[in-house]
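Listed next as structure tokens is one chain, alone, in the form predicted on its own.
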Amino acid sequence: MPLIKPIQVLSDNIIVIEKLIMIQFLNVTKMYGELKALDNLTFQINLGEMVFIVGPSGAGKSTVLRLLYREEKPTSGQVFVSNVDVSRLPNSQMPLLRRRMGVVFQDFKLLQNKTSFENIAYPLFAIGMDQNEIKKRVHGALKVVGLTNKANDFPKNLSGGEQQRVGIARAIVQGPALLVADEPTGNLDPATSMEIFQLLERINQRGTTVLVATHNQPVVDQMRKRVLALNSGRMVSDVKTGTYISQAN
């Protein structure tokens, strides 16, 4: 499935998203009441990278992702996707941003009363895409994740790994330049977990920037990608071909 060329949208002199994405956190702090989830965090992710964010529970990994897709706003600092400060993006522009940013969740978040095809097609129906184009894109996404024979199956009839593949297909069906995944293998066995990470790697090799928050030490150690390690909301290590143990402690 070829990547879809996003359309630049201008509103109040803000470009919502571009084909190639750069992520930047500049002095980002996030408070939840008295709890400091992120503490003056600064880092950059270049175009086309696949990066792991690791660290103990409560380190701030999921907060980083939620700030990217604007489920949360920083208490202070700036979060950029390409040249857009998403924390200042008007609410009216948020759907346009999220159409071009795929998100994969630990608990899959599939609609139980819809088939694999319908789950993947859901975001396309939401934007009023032509039926023929929807069919083409959904079948393309199913092919990428290796589930062409499961298009008409409901989630209850799929294994955990297959459900996550449907979730990934839904995340990539609009051809996003950025894919973020929050503990995508947290509910899966080791063999299936490796298959999911290998799938994410293949998607990255197609030109999509991939950012994964994970506790999955064996996979991180084996894949040897760039590893950002957080602890208590602070960056403690950033290594180009890192491992979980050496960088998360």
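Not measured: the values here are computed from a predicted model. Start at 1 with the first residue shown and count on from there.
Beyond what is shown, the protein has a form predicted in complex with a small molecule; the following relates to that form.
Distance criterion of 4.5 Å from any heavy atom to the small molecule in the predicted bound form singles out 183 from the list 195, 39, 183, 49. Within 4.5 Å of the small molecule in the predicted bound form, a heavy atom is found for not a single one of 111, 139 and 161. Segments offered: 201-209, 219-227, 187-195, 61-69. Contacting the small molecule in the predicted bound form at heavy atom distances within 4.5 Å is 61-69.
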